[in-house]
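Form predicted alone, single chain, as structure tokens, below.
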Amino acid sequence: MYLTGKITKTLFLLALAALLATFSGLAFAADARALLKESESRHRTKTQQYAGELTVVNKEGKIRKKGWKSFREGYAGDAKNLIRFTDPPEVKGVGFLSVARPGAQNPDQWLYLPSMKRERRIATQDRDSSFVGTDFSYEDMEEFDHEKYKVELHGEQLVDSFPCYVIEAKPLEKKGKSTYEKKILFLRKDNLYLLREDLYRKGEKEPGKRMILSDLQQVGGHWVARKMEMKDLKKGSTTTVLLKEILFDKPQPVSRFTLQNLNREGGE
């Protein structure tokens, strides 16, 4: 009788521990989702545009520079983005258009090449390809949408002396194909701005790429990182983007985010 009671008590304690662990996991997930929702709410803008100065440095130290203009309407899951390269001559006029499909999976993406005089649709299997010779892939050019990820809070960590929330984000297959197995996000605690993103390709135990956002400033009442670095930790190369002439909430022409405009060589 005593032994039966002891076994019953042990089973009860084990069940209780499992239940508490489940609730704890749900709480962490809920906290991560709440933080990402609040971050989106704080930093969402109607539009954003800027001129970018892009520098690619490969493993051997060879430097290539490019210039582009970027226009965005919407944010995260409803974003439309147009990029037009302005220099050097070999990439001038190259255009990129990404249009999110709310409620759908991956966004529609096209690349315009002046030499072809037409756009090329980016296929799902090309999402991990280099974006115009940079360390960014076509998937990296998408706006991060937390609704497409399973998220979990993994404590806190300092990034450049700033306390940050550490959030693990794993892609939900039903929400679209991803070349990454997971992303680790570092959100600055005081303003919930993303400072770092570690990217793990499938099968990687260490991050294969790392994006670092720095030189945070307020422009028009909005926080923005004027410097973005994408490091390919396996290749040993780095792409740095410096943002200039930043404008928020400026109305964009209706025709800007269309294939017709993308194909208009030299246009914006």
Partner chain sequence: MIFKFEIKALPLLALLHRLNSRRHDFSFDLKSELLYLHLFLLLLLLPLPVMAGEISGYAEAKGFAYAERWPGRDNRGLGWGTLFTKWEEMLGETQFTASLRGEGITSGEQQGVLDFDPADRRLRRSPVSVRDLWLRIPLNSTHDLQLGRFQLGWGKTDGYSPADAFLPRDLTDPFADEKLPLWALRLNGYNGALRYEVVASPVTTPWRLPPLGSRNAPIHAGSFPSGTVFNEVASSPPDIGFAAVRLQSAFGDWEVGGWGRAGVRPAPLLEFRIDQAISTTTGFSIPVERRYAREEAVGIELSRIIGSWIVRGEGAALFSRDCDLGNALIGSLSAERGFGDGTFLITLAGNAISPPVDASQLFDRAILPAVIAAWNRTEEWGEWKLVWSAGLKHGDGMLKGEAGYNISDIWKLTLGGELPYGSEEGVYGALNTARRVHVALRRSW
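Being a predicted model, the structure only gives us computed values, none of them experimental. Numbering follows the first chain given and starts at 1.
The protein also exists as the form predicted together with its partner chain; that form is not presented, and the subsequent description refers to it.
Using a 4.5 Å cutoff between non-hydrogen atoms, residue 191 does not count as a contact of its partner chain in the predicted bound form. Using a 4.5 angstroms threshold between heavy atoms, residue 92 counts as touching its partner chain in the predicted bound form. Within 4.5 Å of any heavy atom of its partner chain in the predicted bound form lies no heavy atom of residue 206. Although the partner is absent here, residue 130 is a contact residue: one of its heavy atoms lies within 4.5 angstroms of its partner chain in the predicted bound form. With the partner left out here, its partner chain still marks one of 73-81, 113-121, 194-202, 159-167 in the predicted bound form; by a 4.5 Å heavy atom cut-off that stretch is 113-121.
The putative spot formed by 88, 235 and 259 is fully lined by its partner chain in the predicted bound form; each residue has a non-hydrogen atom within 4.5 angstroms of it. Think of it this way: in the predicted bound form, its partner chain has a heavy atom of just one of 214, 45, 58, 240 within 4.5 Å, and the residue is 58. The listed set 147, 143, 126, 181 contains one residue whose heavy atoms approach its partner chain in the predicted bound form to within 4.5 Å, identified as 126.
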